[in-house]
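For reference, the chain that follows is the form predicted on its own, supplied as structure tokens.
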């Protein structure tokens, strides 16, 4: 008797399979050869191959594996961004892990597994696959945060992140179960179909489910009031992983939220606009005000990342075509700025000692001119100064809010940007002040210097000529359902 097997199209998931295969290969090499450099080379090769495969998928929309995964320009755009973030993180980590006692054998494969979680998350078309993707991403990040096993601060950060992440996952899973109970499906397409003809945004159970899911997802993006973990975790994690966590992980969940609010929750979303408005204002304001009080640079940037989550939430409130384009632009720009900032901090490590205190940056430009210049450009961009990528990103966000009628929200965003000038420019000016104590300089690997220099140049290029990136973003947004 002939058995008919369903046809499976693996082309759309081939990049994910490549990342998985090379991550496993890296673990095997570490187990049998104990060669960190070989593990690094294998992991980097896997990311590059996956990147090339995704570039070949541009413009080829489709849904694969029984509507579990979407392969369209929106997902391809973010997957390329995640892979580039992972590559940059690995390059910035190459010298750092040798100095600071990181468990290097599992470090690079775990970056690949976390990247795989981001890739699957943004491609998910089913709530269960979404949950599994978030857990793959989260578990990988828990281990990476605690990979400096000799530092109690790193162990404490990993434990806090794990325990609070477990609570967030429980809320998320409970919300998924309520949505399933109300619609009878976990498929995005079927949920949207079930809610399409309902008045008032759907049954009350759906709104309870969305609220529960929002707790879990809000934790992942460090949105107020679910932000409590961020300063301690950012401070305790290895510095390149802090950059990876604040950019890749946050952007992946934001990309998912944007898809959820258009499909399958486009109908009930109208009842949540006010809530997202409040979350945006609280995140921007608390993040910037708390950053003013910090004397630790990593904690200052942690609160800054909370504020930037609030800026991105402005686009979630506006939720039209222009706002979507502004969101994708700002997430891309923020990824570059976050990697640059934490990359510069990582390059300043001296042995197992790292420069986290603001006082350590006094007169830094006299011994580390490249890092000081690049970090200055990054800080100006984070503050939204013209001729930088950060200014372009904020301009598009605030103008999208104004065009959608949320003028007050745009004004609050501008005022918060003004507040952030104090601590961004304060750190920058400190780097060029005459040091009261001689700051010892030391050489750094060429790879790390080139990585931060290219990121700094990219910030300036996008601030002057963002048109090519905007064209790609328009194509990515066009792949989504009409808003």
Partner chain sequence: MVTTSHYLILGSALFGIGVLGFLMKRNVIVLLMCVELMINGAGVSFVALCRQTGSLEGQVFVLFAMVIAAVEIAVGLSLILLIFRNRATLDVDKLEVLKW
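The model shown is predicted, which means the values in this text are computed figures rather than measured ones. Positions refer to the first chain, counted from 1.
The form predicted together with the partner chain is left out here; the points below concern that form.
Contact with the partner chain in the predicted complex, defined as a heavy atom within 4.5 Å, is made by none of 343, 403 and 450. This chain is displayed without the partner chain, yet in the predicted complex the stretch 184-192 from 87-95, 327-335, 360-368, 184-192 comes within 4.5 Å of it by heavy atoms.
143 is the sole member of 411, 273, 143, 373 with a non-hydrogen atom within 4.5 Å of the partner chain in the predicted complex. A single residue from the set 285, 124, 100, 169 has any heavy atom within 4.5 angstroms of the partner chain in the predicted complex; that residue is 169.
With a 4.5 Å cutoff on heavy atoms, residue 104 does not count as touching the partner chain in the predicted complex; it lies far away. In the predicted complex, at least one heavy atom of residue 157 sits within 4.5 Å of a heavy atom of the partner chain. Proximity of residue 290 to the partner chain in the predicted complex falls within the 4.5 Å heavy atom cutoff. A residue is said to contact a partner when one of its heavy atoms sits within 4.5 Å of a partner heavy atom; residue 131 meets this definition for the partner chain in the predicted complex. For the stretch 280-319, the set of residues having any non-hydrogen atom within 4.5 angstroms of the partner chain in the predicted complex comprises 290, 293, 294, 299, 303, in sequence order.
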